[in-house]
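Here's a solo chain for you in structure tokens, the form predicted alone.
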Amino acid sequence: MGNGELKNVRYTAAYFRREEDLIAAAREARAAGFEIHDAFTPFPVHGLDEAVGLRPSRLTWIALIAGAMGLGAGLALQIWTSVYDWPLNVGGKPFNSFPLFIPVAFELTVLFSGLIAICVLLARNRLWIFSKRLVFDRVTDDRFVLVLKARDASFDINKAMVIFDRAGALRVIEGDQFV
């Protein structure tokens, strides 16, 4: 999706006081056929991913693959240096003594997994150093925000307002600068 396409999209955001209200509004909005752009909360909310229709994250698989790469790199580095490149006979022990390789291999597993997972997370969510994102008021303190996407003229704001009122929305704002 290009930047020109994003400018034609409008968003409607509703503020809620309680997480139960947010989940109820998200479920009702999805059932009514609205496209949910995102939900913003001050802390993780159990069941919200199901309510907004998110698929399970692939980040765990990326971290697993990155950890396996780190493990392989750690073992390969140690085997290469200990067995092939510069073998040292220390106390008559074999050159490929795997118990000695465990600490370095473990540390590289954790390092690769953590760094690559964080980099993928930041890149996937477009959280660059100088990105200009709208931060919703009080969402880091005590408010919950549900953002609906209005791609075309078929978006019924009155129907959305009814859903938000039933769920107990405190405030509803509209705009195109929420992404």
Partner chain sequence: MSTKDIETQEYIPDHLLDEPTITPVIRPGHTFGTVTDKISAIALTRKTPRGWYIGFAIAFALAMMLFYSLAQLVLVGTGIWGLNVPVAWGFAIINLVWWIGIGHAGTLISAILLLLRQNWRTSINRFAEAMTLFAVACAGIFPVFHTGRPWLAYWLFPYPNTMKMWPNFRSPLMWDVFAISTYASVSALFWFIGLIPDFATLRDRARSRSGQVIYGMLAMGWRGSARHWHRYETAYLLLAGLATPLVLSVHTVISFDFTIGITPGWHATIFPPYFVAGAIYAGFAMVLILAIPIRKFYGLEDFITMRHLRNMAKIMLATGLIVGYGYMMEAFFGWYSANQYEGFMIRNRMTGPYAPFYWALIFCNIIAPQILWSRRMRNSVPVLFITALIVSVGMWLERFVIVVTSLHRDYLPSSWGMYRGSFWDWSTFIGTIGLFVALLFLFLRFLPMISIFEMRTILPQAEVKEAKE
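Since the model is a prediction, treat every value here as computed from it, not as a measurement. Positions refer to the first chain, counted from 1. Just so we're on the same page, rigid core means the largest C-alpha set that superposes within 1.5 Å between forms.
From this point on, the text means the form predicted together with its partner chain, which you will not see here.
Does any heavy atom of residue 20 come within 4.5 Å of a heavy atom of its partner chain in the predicted bound form?
-> Yes, residue 20 lies within 4.5 Å of its partner chain in the predicted bound form.
Contact of residue 63 with its partner chain in the predicted bound form (heavy atom, 4.5 Å) = Taking the distances in the predicted bound form, the answer for residue 63 is yes, it comes within 4.5 Å of its partner chain.
Partner contact for residue 129 in the predicted bound form: its partner chain, 4.5 angstroms, heavy atom = Yes.
Interface membership of residue 124, its partner chain in the predicted bound form, 4.5 Å heavy atom rule = Yes.
In the predicted bound form, residues of 74-111 near its partner chain [heavy atom within 4.5 Å] = If the 4.5 Å heavy-atom criterion is applied to its partner chain in the predicted bound form, 74-111 yields 77, 78, 80, 81, 82, 85, 86, 88, 90, 93, 94, 95, 97, 100, 101, 103, 104, 106, 107, 108, 110, 111.
Threshold 2 Å Cα movement between this form and the one not shown for residue 127, core superposed = Yes: residue 127 shifts by at least 2 Å between this form and the one not shown.
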